[in-house]
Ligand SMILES: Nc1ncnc2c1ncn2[C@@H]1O[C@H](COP(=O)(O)OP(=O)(O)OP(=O)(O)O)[C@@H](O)[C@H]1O
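As a starting point, one isolated chain is supplied in structure tokens, in the form predicted alone.
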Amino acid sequence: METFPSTKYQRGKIFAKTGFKVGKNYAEHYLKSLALGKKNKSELHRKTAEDVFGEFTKLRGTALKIAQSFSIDQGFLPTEFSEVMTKAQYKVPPINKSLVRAIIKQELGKFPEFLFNDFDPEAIAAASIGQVHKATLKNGKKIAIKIQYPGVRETIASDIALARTLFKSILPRGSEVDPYIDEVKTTLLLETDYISEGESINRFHKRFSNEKVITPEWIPELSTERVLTMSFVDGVHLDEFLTGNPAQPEKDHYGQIFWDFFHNQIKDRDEVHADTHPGNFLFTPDGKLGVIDFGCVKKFPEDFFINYLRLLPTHLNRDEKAILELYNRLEVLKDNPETNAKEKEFYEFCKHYGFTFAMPYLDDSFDFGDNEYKDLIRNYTRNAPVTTEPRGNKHFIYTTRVHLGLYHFLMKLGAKISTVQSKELLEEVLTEFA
């Protein structure tokens, strides 16, 4: 159990300590490389990432949310950073029980023992900006209560400024990271408003709760901007599900629902669930996919979203002219690949990686358990040439998070899925904008 550093001074000290550790690690590595001639930075990146994560864990809030946003390989953090930062999604120590009681009293007017039939003081999940507790209403209904860490919203502006400086020290000189961090800031302001999340829960429940997908229902009378109460969804997360050695048909069943859920969001071009890490999904005892967190939902500008979708068929068709045009529209390229050798190398990499990424849409079914495909994706994401700086429109930070998160989830699950419906859906949407 930990306290939450809520003042600008307390948080500034932790950011400063983090920056010191980063600088110290890289300085020590440089001296060793001079003495020993060693150039391999893998161990260095991992140690530095562990140090950053350890300090950011104390900060929670904005700092961890930025780490989480960059945790799925975006192409501009070392792989070791991405792997370590995935822990920001679920391995955060909870705040102490007395603070939990105080927050509920402050937000809902009474201590939990007076509001609920029972309340579990042990958090069942703890992440970047809040933790979740299980409880039962007086009428016996099981509920989940998400409690925001104190001072999170108030620290956003100062944390963003400090994190901006820190990430610029990690990224190559001259990298333009500001639009990406600004996008995270805008999204985070919404994520820290639990009334907004409650309304999102209602909208997604209306759109997607059916015989295959279950979502919670918001309980507004027991919710505030900092406390969110919803119906409880019973189930297990991906890791726990896999420990039971499920049969292939069972893995395929859940994988298909997961695949279809994300593609069905494209159908009406409305909000998209933009937080695809495994902690936000459950496999329920009755065979449904539980979707349990709606803090990060995005509605992308239509022109960007349609161009992003066009990347799939364009790569599959190997239409070089159309690929180049889309890359320019989506700000993937920074110069003409025909006149800039480094840009040409980057363009060729993106073109081939794009085809690999589009491969699941090539046939009527696809096996995400194929180890050759897993290795292919892994090698591409680990070996981007020329630059490790941010590339592409700022909205890529969430579309990539959604799409790569989908692939990583299905690859870990080892599911074989049918792509017939999703291809028809994509064709229908793109035909409308042809």
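Everything quoted here is computed from the prediction, not taken from an experiment. One rule holds for the numbers: they count along the sequence shown, beginning at 1.
This protein has a second form, the form predicted together with the ligand, left out of what is shown; the following refers to that one.
- Residue contact with the ligand in the predicted complex: Gly198 places no heavy atom within 4.5 Å of it.
- Although the partner is absent here, Gly255 sits far enough away that none of its heavy atoms falls within 4.5 Å of the ligand in the predicted complex.
- Contact check for Leu333: no non-hydrogen atom falls within 4.5 Å of the ligand in the predicted complex.
- Taking the partner from elsewhere, Asn280 is found to have a heavy atom lying within 4.5 Å of the ligand in the predicted complex.
- Proximity to the ligand in the predicted complex, defined as a heavy atom within 4.5 Å, holds among Leu115, Val177, Val272, Ala144 only for Ala144.
- Though the ligand is absent from this view, in the predicted complex it lies within 4.5 Å of a heavy atom of just one residue from Ala127, Val100, Val297, Leu289, which is Ala127.
- Across the options 302 to 310, 204 to 212, 333 to 341, 226 to 234, residues that bring heavy atoms within 4.5 Å of the ligand in the predicted complex belong to 226 to 234.
- No residue of the trio Ala247, Asp367 and Gly414 has any heavy atom within 4.5 Å of the ligand in the predicted complex.
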